[in-house]
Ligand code: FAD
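The form predicted alone is given below as one chain in structure tokens.
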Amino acid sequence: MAEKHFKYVILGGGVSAGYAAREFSKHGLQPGELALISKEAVAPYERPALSKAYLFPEGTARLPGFHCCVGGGGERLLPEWYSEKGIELVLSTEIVKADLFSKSLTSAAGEIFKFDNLIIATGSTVIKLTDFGVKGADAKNIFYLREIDDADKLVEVIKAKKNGKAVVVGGGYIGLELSAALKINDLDVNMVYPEPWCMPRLFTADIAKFYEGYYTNKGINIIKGTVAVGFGSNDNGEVKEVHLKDGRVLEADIVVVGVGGRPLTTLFKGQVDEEKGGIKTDAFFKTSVPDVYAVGDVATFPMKLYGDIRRVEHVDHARKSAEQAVKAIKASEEGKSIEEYDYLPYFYSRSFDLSWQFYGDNVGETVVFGDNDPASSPHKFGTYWVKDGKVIGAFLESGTPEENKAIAKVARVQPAAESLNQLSKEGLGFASKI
């Protein structure tokens, strides 16, 4: 079996991997020191594009346009960039065995990759309805969106089923963004989820009411409080209907499922400490195994701002955690120290002509400000979260760059709120004076 040895190995080909590679190059690399191993066939790219512009009928995003690191305002790292920097880009390669103590990774083809330092950037995999034995869930034209191959297949079927019927299962990020993209492609869209409102992990009922109303006005039919329990197929094995738990049956030419993900940690079970579903790390993303780091979706890390530990699935954290881990590796080599990771949670989404941003923590009492009538234009409104008399979280729809910076500062500084009524009246004015 072929064996190769590298000083540094990044395992994974997503956002974290691309940003880690760039950070290594900033610190200086000798040719052949770094390998990036990915089971995908393309160099790391900005994954959020897949549920947005990649699916639009016109002006669509395509590679090489959104390779890392354009999403963070940097240069595009094309495949040639890696070779120019002396980085070995090992694509279409699935690692099936990891021995962290002997510092070796084994691929499905039997290749062995030895490392001195490893960054685990394996990300998440989608939860599939077939995992739960849902009847008919293996029919053709039932899609999950995680990788560029998934998006390519979905684009093909959107074209083939022009003016057809689509059912989106799930009311989170993927559900909302995919419902919008399918509607923009002139499909008839039903959106189904079991919760009382969309995006319940982040949105309050008041926030969700705006988006549900807006989507309804766009012609998307929202069905809440039930789940898909089975699928019917035609003679070609293509999905033709979705059976709901409440007894309803929806016609469907395309089904897209977005019911969450699982961090890809199976390779490392029993070798590293785990917590809250991820690999436990410190504030430098070091794991319990020397010279092994974990970043992005798979890392459970100390959230300094709130004095607890969390796992965060979002592109912003994927980028920043990767950079922190590389800085920590290089600082360790040089006998230097760096600041602990002090992350401010940040989430965002774009769909139709909407664009929201959220910073901080969504616990405590809430105050809505602005106009959250779905029929209004412009649709600018927001929410503050108040805990122990301090504003600790802020959400804003249709903010300007300056306004978004202002709510980020509020969430970081956590200013005192004299009264909820006053906060509601001041609205964005409160953020702008911090």
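Throughout, we count residues from 1 along the sequence that is shown. Remember, predicted model here, so these are calculated numbers, not experimental data.
FYI, the form predicted in complex with this ligand isn't displayed, but the following is about it.
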Task: The unique member of I207, I329, I87, I174 whose heavy atoms fall within 4.5 Å of this ligand in the model of the complex - done: I174
Task: Contact residue in the model of the complex, chosen from I37, I392, I407, L34 - any heavy atom within 4.5 Å of this ligand - done: I37
Task: Contact of A17 with this ligand in the model of the complex (heavy atom, 4.5 Å) - done: yes
Open item on the list: So in the model of the complex, is this ligand close enough to L50 to count as touching (4.5 Å, heavy atoms)?
Closed with: yes
Open item on the list: If we define contact as a non-hydrogen atom of the residue within 4.5 angstroms of the partner, is T122 a contact of this ligand in the model of the complex?
Closed with: yes
Task: Interface membership of V9, this ligand in the model of the complex, 4.5 Å heavy atom rule - done: no
Open item on the list: Is it true that E156, K183 and G258, all three, sit within 4.5 Å of this ligand in the model of the complex, judged by heavy atoms?
Closed with: no
Task: One stretch from 76-84, 284-292, 261-269, 190-198 that, in the model of the complex, holds residues within 4.5 Å of this ligand by heavy atom - done: 261-269
- [ ] Taking this ligand as it sits in the model of the complex, which residues of 134-159 have a non-hydrogen atom within 4.5 Å of it? Please list them.
- [x] L145, R146, E147
